[in-house]
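Just one chain follows, in the form predicted alone, and it is written as structure tokens.
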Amino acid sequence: MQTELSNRLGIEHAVFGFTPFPAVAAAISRAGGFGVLGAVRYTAPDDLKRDLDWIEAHVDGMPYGLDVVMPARKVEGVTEADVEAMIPEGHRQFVVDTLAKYGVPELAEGEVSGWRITGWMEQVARNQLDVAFDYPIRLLANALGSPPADVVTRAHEHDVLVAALAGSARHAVKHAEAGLDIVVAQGYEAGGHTGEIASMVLTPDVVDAVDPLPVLAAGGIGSGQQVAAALALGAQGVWLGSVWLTVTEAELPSPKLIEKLLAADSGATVRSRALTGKPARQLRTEWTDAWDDPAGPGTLPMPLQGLLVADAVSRIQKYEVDPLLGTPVGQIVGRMNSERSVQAVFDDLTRGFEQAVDRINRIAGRSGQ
């Protein structure tokens, strides 16, 4: 599974794996792919430094990258308290009432929510970069479009490639115009924040729109056959996220959540604003149903919604409240039926890829006779 981009980065397989777990990121790189650590939950620079130190010690010298959530436009002087003050009281009460309906206990006194994500804030994201550029990262990816121009310049000064996710060819062209090196075409099937266009349509559209920039295909990819299809559409690699949630190296906080993921089929997800305020594909639960119900107050825009529900999501996960328990995940969840190691996932990917290529070669050979 090699392409011009994988050769440029010195990796065996053109498989880029996004994950919030350092152990998974390191294992992806050791297996011949390219591990990308999600930084959005690191509010303290020392915590990110600790985990990058760990990756450095366990990646066996293989390349890896970092994914941030950073607005393209600089927003300075806005504090978390300023944002909190914008949340309407009615929405706060809706959270209280919904949790009470399902008997969700409170967090212990002094316990901090693990879902209180502030990595979208300008200074937090820049603090993450101050740490990251002290390490030999090879890729900086941004989930909220093109990073600010000065960040792109700074990355290039450190010989770091810059990538951004795009849900349309129009967005991809903006990334190219901003001087980015890689575009991740993320289809409708993908977990987390995603747009309206399916991967089969989106990938070749983006490839054509930004040629000769390399494109990574994302969304609905979890087998070697699907990797082969993505490369056949012109992508120079794939960007996988959901498939790593159930690997043995992952650190999901809830055994019951792992069980739900393993039992889910491809129709078990929904694209909802319940988690962050932006459409994000996740397991459909009674929590997402409550927020999507027209009778409710409706979701708030990002980042208000994320701050509003942070404690609630942590409580739901800690106490494993089954009807409400969910996580961002793509439609590929239907193929995530067993816990495997990262290496086992790569073994399956390479085997399926070889089978798909052999099948196409046989078809092409017959058609040429």
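Start at 1 with the first residue shown and count on from there. All of these numbers come straight from a predicted model, not from anything done at the bench.
One more form of this protein, predicted in complex with another copy of the chain, exists but is not displayed; see below.
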Decide if the three candidate residues Ala57, Val59 and Ser254 all line another copy of the chain in the model of the complex, where lining means a heavy atom within 4.5 Å. no
Select, from the options 182-190, 241-249, 139-147, 91-99, the stretch whose residues sit within 4.5 angstroms of another copy of the chain in the model of the complex by heavy atom distance. 182-190
Ok, Ser272, Thr285, Gln226, Gln128: which has a heavy atom sitting within 4.5 Å of another copy of the chain in the model of the complex? Gln226
Select from the listed residues Glu106, Asp208, Glu84, Glu259 the one whose heavy atoms reach within 4.5 Å of another copy of the chain in the model of the complex. Asp208
Classify Glu196 as contacting or not contacting another copy of the chain in the model of the complex by the rule of any non-hydrogen atom within 4.5 angstroms, answering yes or no. yes
Give a yes or no for Ser266: in the model of the complex, does one of its heavy atoms lie within 4.5 Å of a heavy atom belonging to another copy of the chain? yes
Is Leu165 close to another copy of the chain in the model of the complex, meaning a heavy atom pair under 4.5 Å apart or at it? no
Check whether Ala172 has any heavy atom within 4.5 Å of a heavy atom of another copy of the chain in the model of the complex, and answer yes or no. no
Going through 225-239, which residues have a heavy atom within 4.5 Å of another copy of the chain in the model of the complex? Please give them in sequence order. Gln225, Gln226, Ala228, Ala229, Ala230, Leu231, Ala232, Leu233, Gly234, Ala235, Gln236
